[in-house]
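In C-alpha cells, one chain follows: the form predicted alone.
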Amino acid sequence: MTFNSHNDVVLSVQDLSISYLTPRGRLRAVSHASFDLHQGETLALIGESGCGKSTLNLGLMRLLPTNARVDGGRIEYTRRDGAPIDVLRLNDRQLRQFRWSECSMVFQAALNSLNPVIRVRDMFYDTAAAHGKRFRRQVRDRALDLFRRVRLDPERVFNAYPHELSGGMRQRVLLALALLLNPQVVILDEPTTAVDILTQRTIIEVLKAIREELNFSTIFISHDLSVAAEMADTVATMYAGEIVEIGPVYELFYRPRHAYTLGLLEAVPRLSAGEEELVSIPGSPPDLIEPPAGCKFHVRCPFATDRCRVEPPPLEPVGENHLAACWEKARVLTHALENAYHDAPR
C-alpha cells in the first residue's frame, strides 16, 4: 500500500523530543522524531531495547511517567470529521476523551494489563462508562462482536476472569478492548511477545483481518523483523532515540540506506543462507545522557568516516517516501545489494 496524500494523515508527529530526569541528568529518550501516520496504514517501529520506541508511543498517548517531559515538538491528530487536535495541549477532560475513543493502546504485558479480580465484562463496562456510554446492552453487543472478530468464544470470554484465559486469549481481549470505542489509531506494544509460534500466527492473522474490516491505523513496536515485514506498510528504524530511517516496508528491507537498519537485517537468519554465519552488531547502544558527537551509531558502524564522528546526518529523502539519516547511504545500499540480499526474491 502506498501513502502519498497529506489529506489522509490521521496523526502527524513533528520534531518530538522526550527526556527523563535521572540522578545523572537528563536522559534524552526520544530526539526530534517526525513521521506521518495515514488512514488505514500500519507503521512498525523497530530497533534494540532502550532505543525509545515505547517512550515515543507513551508520549503519543500522554501516558509518560512523572519524571518524563516533552522537551519540544508537536503531535497533531485529525478526527474523522476533519477537526485537528493538538494532543500536547489537551486538558485532562479532553485527554480522557481522546484516549480510547480516538487513540487506544494495547500494552505488552497482557496479564498485567487486565485487572485480575474482576471479570472481563466489567472492564468493558467500566471503559465505556468512563467515556459516557452507560447502556450496558450496547456495550455487551459491541464486546461480543469484537470477540468474534478476534476469534474468541464471545460468551465464555465475556464472563471470564483473566486467569481463566491463555496468554494469546488475553492479548486478543486487550485488542478487543482497545477497539471498543472505535478509535482511528491503535498502538500495539509487542503484540506477539511471550506467546508460542502458533498463537503468534493467530494474532497476526487477526490483526490483519480486523484492520481491513474496521479500517483503523496502527503503530506497533516489534523486535521481530519477520512480523514487521508481514504486518507493516511503513517501517521506521529507531536508534538511540532517533528515527534514523523510515520508508515503505519492501524498500527498507531490500534497499536499506542506514547502516543500523542493515545491521538489524544481517542479524536475522534466512532460510536460504546456507552455512553463512549471522553478523551481529558490535558494541552497545550509547549513553543517552552523554551521547557521542556526530552520528550516534558511528562507534558501532563498519562504514563510519571522520565526517560521521563529528557531524550528525540529517534525515533526508533517498527515494519515494523513503528517508534515511546516514552519510554513507550509498555504501550501505551497495553492500546490501551485493552481499546481504543477493538471494532475496525481487
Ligand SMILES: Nc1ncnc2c1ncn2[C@@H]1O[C@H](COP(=O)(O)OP(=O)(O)OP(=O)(O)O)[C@@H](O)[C@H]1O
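Note that residue numbering begins at 1 and tracks the sequence as displayed. Keep in mind it's a predicted model, so treat the numbers as computed, not measured.
The same protein also exists as the form predicted together with this ligand; that form is not shown, yet it is the one meant from here on.
- Residue heavy atoms within 4.5 Å of this ligand in the predicted bound form occur in exactly one stretch of 313-321, 31-39, 292-300, 60-68, and that stretch is 60-68.
- Although the partner is absent here, His223 is a contact residue: one of its heavy atoms lies within 4.5 angstroms of this ligand in the predicted bound form.
- By the criterion of a heavy atom within 4.5 Å, Asp233 is excluded from the residues contacting this ligand in the predicted bound form.
- For the chain shown alone, Gln108 is a contact residue for this ligand in the predicted bound form, at least one non-hydrogen atom being within 4.5 angstroms.
- Using a 4.5 angstroms threshold between heavy atoms, Thr305 stays clear of this ligand in the predicted bound form.
- Checking Glu251, Glu190, Glu266, Glu76 for any heavy atom within 4.5 Å of this ligand in the predicted bound form turns up a single hit: Glu190.
- Along 42-70, a non-hydrogen atom within 4.5 Å of this ligand in the predicted bound form is carried by Glu48, Ser49, Gly50, Cys51, Gly52, Lys53, Ser54, Thr55, Pro65, Asn67, in order along the sequence.
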